[in-house]
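Here's a solo chain for you in structure tokens, the form predicted alone.
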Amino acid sequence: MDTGKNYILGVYSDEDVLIKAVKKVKGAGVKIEEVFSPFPVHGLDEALGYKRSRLTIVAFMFGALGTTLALTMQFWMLGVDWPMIIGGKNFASLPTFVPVTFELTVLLSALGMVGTFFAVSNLKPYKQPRIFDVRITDDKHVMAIDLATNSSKKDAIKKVLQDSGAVEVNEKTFE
């Protein structure tokens, strides 16, 4: 979120009221920037119109990369580069490669998902978070509406938020 932006915040105390409010506010033609909640609210993603995450596809791709790297590494090291005959067994025996392959698959899948999540979400260690309301980490739900992206007037948006069951309607500007 850029600096110098003006937001109208609708504060809700109940998640059921919040779900109904999201539908009502969107039905009134107001674009919602984001909804902040202290815990996951079932049905909120659908109400906001979010699409299903593609993080599972990324996890599969990094897992396939981990499997390929593990098998290639082991076949090369134990079968080509430094073959050793241990107990009369084959140089490259697939059953002995299973534990290392599993571990490298899980490792690359997990690290790849975390890295992808941070990159897509624009989360950086030096980035300061935007705190709309300190109560979103405790017991309140906050609906943030950016005034720049809405064609409705400020008073009309406040009225819609109050009619939808907001306990408070506040304004916030980030410098």
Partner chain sequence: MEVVSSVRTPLVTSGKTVADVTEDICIRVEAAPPKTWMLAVLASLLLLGFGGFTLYYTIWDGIGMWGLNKTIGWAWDITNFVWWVGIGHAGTLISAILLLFRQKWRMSINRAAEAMTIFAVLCAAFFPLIHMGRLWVGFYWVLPLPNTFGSLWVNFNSPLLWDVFAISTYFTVSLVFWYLGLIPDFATIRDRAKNKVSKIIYGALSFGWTGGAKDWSRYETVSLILAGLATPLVLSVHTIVSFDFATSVIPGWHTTIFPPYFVAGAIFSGFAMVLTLMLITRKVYKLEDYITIGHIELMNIIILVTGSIVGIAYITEFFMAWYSGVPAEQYAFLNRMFGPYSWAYWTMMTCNVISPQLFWFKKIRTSLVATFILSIVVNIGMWFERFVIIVTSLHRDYIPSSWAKFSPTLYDIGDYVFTFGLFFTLFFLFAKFFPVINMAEVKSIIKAHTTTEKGEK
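All figures in this text were calculated on a predicted structure; none of them were measured in a lab. Numbering follows the first chain given and starts at 1.
Keep in mind the form predicted in complex with the partner chain is missing from the figure; the text below concerns it.
Visitor: Taking 4.5 Å between heavy atoms as the contact cutoff, choose which of Ala110, Ala148, Ala28, Ala64 touches the partner chain in the predicted complex.
Guide: Looking at Ala110, Ala148, Ala28, Ala64 one by one, just Ala110 meets the 4.5 Å heavy-atom criterion.
Visitor: In the predicted complex, does Val35 have a heavy atom within 4.5 Å of the partner chain?
Guide: Yes, Val35 is a contact residue.
Visitor: Verify the contact flag for Asp16: yes if a non-hydrogen atom of it lies within 4.5 Å of a non-hydrogen atom of the partner chain in the predicted complex, no if not.
Guide: Result yes; Asp16 sits at the interface with the partner chain in the predicted complex.
Visitor: Using 4.5 Å between non-hydrogen atoms, is Ala59 touching the partner chain in the predicted complex?
Guide: Judged by the heavy-atom cut-off of 4.5 Å, Ala59 is in contact with the partner chain in the predicted complex.
Visitor: Would Ala47 count as a contact of the partner chain in the predicted complex, using a 4.5 angstroms cut-off between non-hydrogen atoms?
Guide: Contact with the partner chain, no.
Visitor: Counting only non-hydrogen atoms and a 4.5 Å cut-off, give the residues of 100-118 close to the partner chain in the predicted complex.
Guide: Those in contact are Val100, Phe102, Glu103, Leu104, Val106, Leu107, Ser109, Ala110, Leu111, Met113, Val114, Phe117, Phe118.
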